[in-house]
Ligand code: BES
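Listed next as structure tokens is one chain, alone, in the form predicted alone.
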């Protein structure tokens, strides 16, 4: 689907040529070459982000069927991330044409050109995403069939082709994560998530093991069993492994896989449940990351343990005040059954730590408190190792997924003291994202660990530059970049 080429914008034979125009308007790469230097100004457009002008090739000035001029904002502010978002915004138009080429990467040089080639392909691929599985009327089945990123003959063609290949792998992974999260919970209970993971593992060449509820109960995964026992759909845990570096210690990943979160007996209101199919966004992102890593084959080992449950109210559901015993023996008092994600992640973290990993990263739509602090676009990160947190922050910056470090303030640990168990699952009203992270920290010991709270950015309530309302696939791109940087 994605390709790199050094053809002239005037001669490339595609259905649509996407050309950036900077504020002024100032023609971007290829605009003058195809004879459209004055088109934006004639249409009284200034080149601001969001401006666009579709020009058919009626006079033979260029070989493409049409050209889409897109506002790219100030030239001085045009970065690979801006290019990704500008092209993502243009993608809904581009998908109607099928075969598309863009000159956006030609605005860059050196290392930035390499980043821009990948960003351009990702922008068009992600922005063209649609979830139409359950639509029966008004479905537009036109899709992007080919994306060509145009570049210079002076560039390292092999490196640019590799960048385009990474983009294709990442777009496929993010798209799959979005599909998983967007699928209604009634169609994707824990067993179906596990089956999807098994099918992916077979295609990708990963080792996969699915733990049944009986096996989880037998081995003492009290958090997963406790949260899941109120549902008619029993829990699962998905274990995946990628080996790319012999006997090296693995990097461990886990993600919160609550297929639907009613709150349990601490029931949410109706509005609070409307998007709770997204509470497995962390699990979906880790599954998609494993798919991408299997395709890109970096020189490292990665393991994942992904707990999947439904949190439902019933006569068999766990009750506020219950005490559960986690994998490894730690006990926790469940005072609020709607603080369930930390309970299942605790089991997975304790299990992964036993595998002697180099480090552990968990991803979870964990707390509304993180959204209060950072809004809906920013991932919150906590950790016990500043170097690890710094590498995740750098990976997020590199791919345009903003992450902000929040304090793992140890003095708040006393808020989780329980009179009947080792720890309780909620603290006081304030600092909820911090106390949730401190709860998870109890289960990792001294292993370098980072916790990504994606409660806000995992699901968009309105269309964004990189896709429609719904699942975003955050933070798949960050995790993939983090792992590739780690292997390098």
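Since this is a predicted model, take the numbers as computed values, not measurements. Residue numbers count along the first chain shown, from 1.
Form predicted together with the named molecule: not shown, discussed below.
Contact between residue 338 and the named molecule in the predicted bound form is found at the 4.5 Å heavy atom cutoff. Taking the partner from elsewhere, residue 455 is found to have a heavy atom lying within 4.5 Å of the named molecule in the predicted bound form.
None of the heavy atoms of residue 313 is located within 4.5 Å of the named molecule in the predicted bound form. Residue 367 belongs to the set of residues with a heavy atom inside 4.5 Å of the named molecule in the predicted bound form.
Note on the interface: of 276 to 284, 409 to 417, 352 to 360, 374 to 382, the segment with non-hydrogen atoms within 4.5 angstroms of the named molecule in the predicted bound form is 276 to 284. Heavy atoms of every residue among 256, 261 and 342 are located within 4.5 Å of the named molecule in the predicted bound form. Out of the listed residues 109, 215, 133, 268, 268 is the one that sits within 4.5 Å of the named molecule in the predicted bound form by at least one heavy atom. Of the residues given (426, 55, 63, 447), 426 alone sits with a heavy atom within 4.5 Å of the named molecule in the predicted bound form.
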